[in-house]
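The chain below stands alone and is given in C-alpha cells; this is the form predicted alone.
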Amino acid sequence: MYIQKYAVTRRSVRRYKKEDIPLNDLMYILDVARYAPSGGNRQPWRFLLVSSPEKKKEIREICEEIERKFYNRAPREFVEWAASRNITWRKPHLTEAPVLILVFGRRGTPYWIESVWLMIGYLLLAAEEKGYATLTYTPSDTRWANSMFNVPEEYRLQTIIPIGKPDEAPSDPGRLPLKEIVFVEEWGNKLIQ
C-alpha cells in the first residue's frame, strides 16, 4: 500500500514554485532511484543536476528550438492532442523548476534503455514521496547535451526531469481499468469480466 499511494497520486506537473530543494531531499530521491533493477546489474544511468538559471535558460532555448521543428513536422493528430492538454513547443518548466535532473544512459550495456526507464520510475515515486512534483520531458533530439555538459559519447540523454514544489493542481488523466489491460493465457482472454 505504501508504494501504491505514491503511484496513484503522482501526476506530471509543468508549473513549479520558486522554492529551493534541500540537497538532502535530492540525494534521498537519487539514492532510492539507484536501487532499481538493471540488466546484468550494470546500472547504466548517470544523473546531472542543473540549478543554474543561466544553464536552465540555455537548455530551454535549445529544447524549444528542437520542439518547434518537431511540431512543424508532427502529425496533425498529435498537435491537436497536445493542444487539448495545453502542451506546446514552449517549455517554461525548464526554467521555472528549481532543479533539472538530466538522466543519461550508457549505450551498449545490456538492456540499457529499459534499465534507465525502470530507474526513472523509482525516481518519480521517491520524488512524490518527498512531496515534489516532476515531469519526464523527452526532447526528440538529445545530441546537444553531450557537448554542452562534456558527457562521454557512450552516454545518451534519456530525459530531463524538472523537479520542485507544484504551482498547479494537475488533473487526473485517468487510467484504463484492469479488466481492459489484463489477459490470461491468451490475448483477449480477460481475467476480470
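In case it trips you up, residue 1 is the first one in the sequence shown, and so on. Since this is a predicted model, take the numbers as computed values, not measurements.
What comes next is about the form predicted together with a further copy of the same chain, which is not displayed.
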Contact test in the predicted complex: Gly164 vs a further copy of the same chain, heavy atoms, 4.5 Å: no
Contact of Pro92 with a further copy of the same chain in the predicted complex (heavy atom, 4.5 Å): no
4.5 Å heavy atom contact, Ala126 and a further copy of the same chain in the predicted complex: yes
Distance check, Ile181 to a further copy of the same chain in the predicted complex, heavy atom within 4.5 Å: yes
Within 4.5 Å of a further copy of the same chain in the predicted complex, all of Ile21, Asn72 and Ala133 (non-hydrogen atom): no
Sequence-ordered list of residues in 162-177 near a further copy of the same chain in the predicted complex, where near means a heavy atom within 4.5 Å: Pro173, Gly174, Arg175, Leu176, Pro177
